[in-house]
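Encoded as structure tokens, the following chain is the form predicted on its own, with no partner shown.
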Amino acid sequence: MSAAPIRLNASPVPLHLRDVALRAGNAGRQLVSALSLSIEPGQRWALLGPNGAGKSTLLSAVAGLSTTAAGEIRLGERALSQWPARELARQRAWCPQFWLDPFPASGWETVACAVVATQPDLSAAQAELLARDWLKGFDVGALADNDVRTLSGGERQRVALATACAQGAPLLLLDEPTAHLDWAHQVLLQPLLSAWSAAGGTVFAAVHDLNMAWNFATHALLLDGQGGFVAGTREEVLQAAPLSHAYAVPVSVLEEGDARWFRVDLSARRD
């Protein structure tokens, strides 16, 4: 992938979660209880779990867009609630699962909005150039002048990823970043995430594909949908027992050297 050079617009800081509890809605079922972990700059975390386990809810809370039922989230030395909006935008970028485009805007204008919000030192021409470079990096440069409302799901997803990266915030929060992407464009994403952490940034991405999680992540957080979780290095978390428990299907793990593959073992399916 030939994207724009990675330019972080703030000093990376650790992300700390302390006894965080999450519920579905204001008083819904408990999704997560007493979650504590620290995510350091340079790490790449895969957020895993079955549908409805709280992955999107957790990412939204870490982004500062929703509140927790209990506990505290800190970026560096400050609680998330103490970060002014403009500073927070320079510190974290959030790419949600779904996008709403109520007004006409081209692909490059969509990306440039993130650029001018966090990099006011750039001229309008420089912001446009940076936006176009990131779109080229995600193989959607040819559609930079198209209205985003006319794009396919996969094309719009690549614009969204370009927007998050162009923001230049050290902490990338990605909710199902490969949704709608074909294999060729999934392949584009993984080296970018490695390069992001090599530059000092942090990745926290919710994914369903366990094979992708193994390939891109250094660490993993597995939610079981019943309030429990397992967190640690990818080697510790991506094992048959915790995966089978969380997903309620028998998961087989195949290993060859440093490689690891995952599949549902239908021959051992539980009643």
Partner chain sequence: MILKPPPLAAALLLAGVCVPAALFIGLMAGSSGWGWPQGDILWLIRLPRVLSAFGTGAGLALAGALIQLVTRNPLADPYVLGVSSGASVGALLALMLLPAGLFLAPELGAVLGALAATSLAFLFTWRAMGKSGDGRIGNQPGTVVVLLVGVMIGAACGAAVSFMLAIANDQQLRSLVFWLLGDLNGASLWWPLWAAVGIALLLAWPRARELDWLTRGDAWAWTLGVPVAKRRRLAILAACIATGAAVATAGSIGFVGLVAPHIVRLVGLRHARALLPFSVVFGGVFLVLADTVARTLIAPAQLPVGVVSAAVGVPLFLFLLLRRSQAR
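Keep in mind the model is a prediction, meaning the values are calculated, not measured. Numbering follows the first chain given and starts at 1.
What comes next is about the form predicted in complex with its partner chain, which is not displayed.
At 4.5 Å between heavy atoms, is Asp145 in contact with its partner chain in the predicted bound form? Heavy-atom contact with its partner chain at 4.5 Å: present for Asp145.
With heavy atoms only and a cut-off of 4.5 Å, decide whether Phe103 touches its partner chain in the predicted bound form. Because a heavy atom of Phe103 falls inside 4.5 Å of its partner chain in the predicted bound form, the answer is yes.
Heavy atom to heavy atom, is Ala179 within 4.5 Å of its partner chain in the predicted bound form? Flag for Ala179 set to no.
Taking the shortest heavy atom distance, is Gln157 within 4.5 Å of its partner chain in the predicted bound form? Residue-level check for Gln157: no, no contact with its partner chain.
Of Val140, Leu189, Leu75, Ala114, the one that lies within 4.5 Å of its partner chain in the predicted bound form (heavy atoms): Answer to the contact question: Ala114.
Residues in 74-90 close to its partner chain in the predicted bound form, defined by a heavy atom within 4.5 Å, in order: Heavy-atom contacts within 4.5 Å come from Leu80, Ser81, Trp83, Ala85, Arg86, Leu88, Ala89.
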